[in-house]
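Structure 1 and structure 2 below are two forms of the same protein chain, each written out on its own as structure tokens.
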Structure 1
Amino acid sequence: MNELANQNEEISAILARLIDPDPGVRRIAVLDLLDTDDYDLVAPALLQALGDQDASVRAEAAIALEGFETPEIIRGLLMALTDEAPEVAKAAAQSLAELKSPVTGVLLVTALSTAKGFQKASILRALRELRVPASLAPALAALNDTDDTVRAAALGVLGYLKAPSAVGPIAVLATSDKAPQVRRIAVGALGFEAADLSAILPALITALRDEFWQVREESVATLGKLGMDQGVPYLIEAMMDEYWQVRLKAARSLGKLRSREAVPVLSKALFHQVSNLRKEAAVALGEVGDARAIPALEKALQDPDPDVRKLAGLALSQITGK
């Protein structure tokens, strides 16, 4: 009895802090509510906090509600999607996505029809992992949105849906969108298995010429992910990119493809000044398994970086069988 009384007293103290004048105190109270076991009190209190005048409190409440699946909670989170504060709308969308419910997906698609700007982006981010078929059409339409964040979020939905009908529109954004971040995401979204490789390769080749290295990096990674042997010459060329990050991903892709043509450029990369690239080159040469790489790998056994030496030795054992 005393234990129950103490628990009730503790919850009452937390609820009192939810109306404290200090928003910092109210936010901590939201966190403390999650440590209690009284669902009947916690759920309504979190919904109350979702209407707090301070955005940080509302955002914390939206995050805390991710484990609740009652209609009242879902309605509250859906209303929070239209919150004027981006962090609140984003948190609400993430909590809705965590429910993994088809019903929630339908509600999100419905909310998408009237959302704008960051609200639309938040809803699309929530829809991404739900893989709701009904989100295909609005996601395709959102590719024409003037807001960069909306187009990027729509690409996330389409990448998860893996719909062949989306390949063409995604390829267009990968090569011509005005925002480099959107182009990068579009290139990554092309990397799903059900796609028509003949439609994807031209877009990836164009992306390899992009002025932003992050787009080029994503392109070489996607070529390896898709296992596109036709991309080997372009990956070998990418091993000369001015950015070592692009070279690293190209080396990784060439290793996945087990490209014997790449042995010379991978062997050269074993002695690049950046140790991460040297490591990746050693791994790739081991995957390729071509004896022509043995001299370079033996020399790499003297590398100043112990991880490079270890990976070079492993690659040699893969090639020689010793």
Structure 2
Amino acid sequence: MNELANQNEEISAILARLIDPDPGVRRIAVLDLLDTDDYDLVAPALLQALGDQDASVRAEAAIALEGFETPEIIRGLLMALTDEAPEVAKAAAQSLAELKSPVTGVLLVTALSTAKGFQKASILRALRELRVPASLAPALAALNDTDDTVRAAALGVLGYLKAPSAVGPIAVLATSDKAPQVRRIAVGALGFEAADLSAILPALITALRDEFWQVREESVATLGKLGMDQGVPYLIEAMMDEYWQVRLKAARSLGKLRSREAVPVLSKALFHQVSNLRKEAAVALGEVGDARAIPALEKALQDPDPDVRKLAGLALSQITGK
């Protein structure tokens, strides 16, 4: 019991420093609280520090509250999202994003109704990992927000939920959002299997013509992830993309789809100047397993890059079964 007494004494001393006139001292007290052993005693004290008059103390408390999942603390952190000091709001958002228990979702969803801007984006980000059904409706609504970060965060929630009903609205953003980063996330968020292919395919095809290469890259990857045979002609077209990075992902997807139609473009890519693409083309040709690729692959056995040579050899053995 001695230990417990010592510990209480230690915590009392820290609590006393928590009301010291010097904010520096209060801030250190917050840090020290986390090293004590009784989380039940610590939580209320940290919550109190979250209301401190000094922003540096509030920020430290918001950081320290990561990992606490009680309703009082979540409410406190939600309030702190609107703190006048940006470092406090940022720390609170960070701690909320670490929430793991789905039951905390209700509080977050409720708070969404009046939230705006940074606050709203932060709550949506916190909801993403929780995957609670109640977040579907508000996330769909948030797709119309004027703030890019809010729409991006809402897409995060919808992508993780993998809800079929969200496919249409996500597809709209994938093709027509004004922010490239939002379009990219939307394209990726379409990549779940239960989705209605007829709604997804046109959106992915449109995204293949996006002016930003990272959106195109996401689109060819998603076509591969979903195993969409209907996407093959478009992937073949993407093998002509001006960015080799896009071609590389297209090659990977064509390999996954075992597309025989792609043998000519993949064979051509075996001799592209960037060896990363040559490697991927060799892998894909092995996966497709079409004998028409043999001459090109045999030529690739002389490639100056050892990785390309090895992968061409492996592809040849996959095709010939030897």
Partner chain sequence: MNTIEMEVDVLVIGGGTAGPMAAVKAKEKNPALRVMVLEKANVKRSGAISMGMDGLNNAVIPGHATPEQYVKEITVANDGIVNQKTVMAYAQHSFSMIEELNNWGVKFEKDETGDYAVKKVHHIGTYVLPMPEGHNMKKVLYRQLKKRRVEVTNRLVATRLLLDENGAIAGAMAVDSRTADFYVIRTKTVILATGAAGRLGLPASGYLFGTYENPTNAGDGYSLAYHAGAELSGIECFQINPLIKDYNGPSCAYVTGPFGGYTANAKGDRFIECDYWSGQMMQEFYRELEGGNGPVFLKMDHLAEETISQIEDILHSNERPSRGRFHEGRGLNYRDGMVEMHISEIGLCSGHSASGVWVNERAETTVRGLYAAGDLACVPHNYMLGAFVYGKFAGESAAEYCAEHTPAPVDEHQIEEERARVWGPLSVKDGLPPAQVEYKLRRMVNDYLQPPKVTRKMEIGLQRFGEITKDLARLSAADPHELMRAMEIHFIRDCAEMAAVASLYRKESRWGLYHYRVDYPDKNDQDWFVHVQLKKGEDGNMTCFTRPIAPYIVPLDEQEKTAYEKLRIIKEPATI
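Treat the numbers as computed from the prediction; the structure is a model and nothing was measured. Here, a residue number simply tells you its place in the sequence of structure 1, counted from 1. In this text, the rigid core denotes the largest set of C-alpha atoms whose superposition between the two forms falls within 1.5 Å.
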Structure holding the form predicted in complex with its partner chain is number 2
Quick note, rigid-body hinge between structures 1 and 2 among 99, 148, 290, 44 located at 99
Rotational displacement of the minor rigid part between structures 1 and 2 [degrees]: 25
Please report, in Å, how much the Cα atom of residue 62 moves between structures 1 and 2 when the rigid core is superposed. 4.5
Can you give the CA shift of residue 21 between structures 1 and 2, in Å, with the two forms fit on their core? 11.4
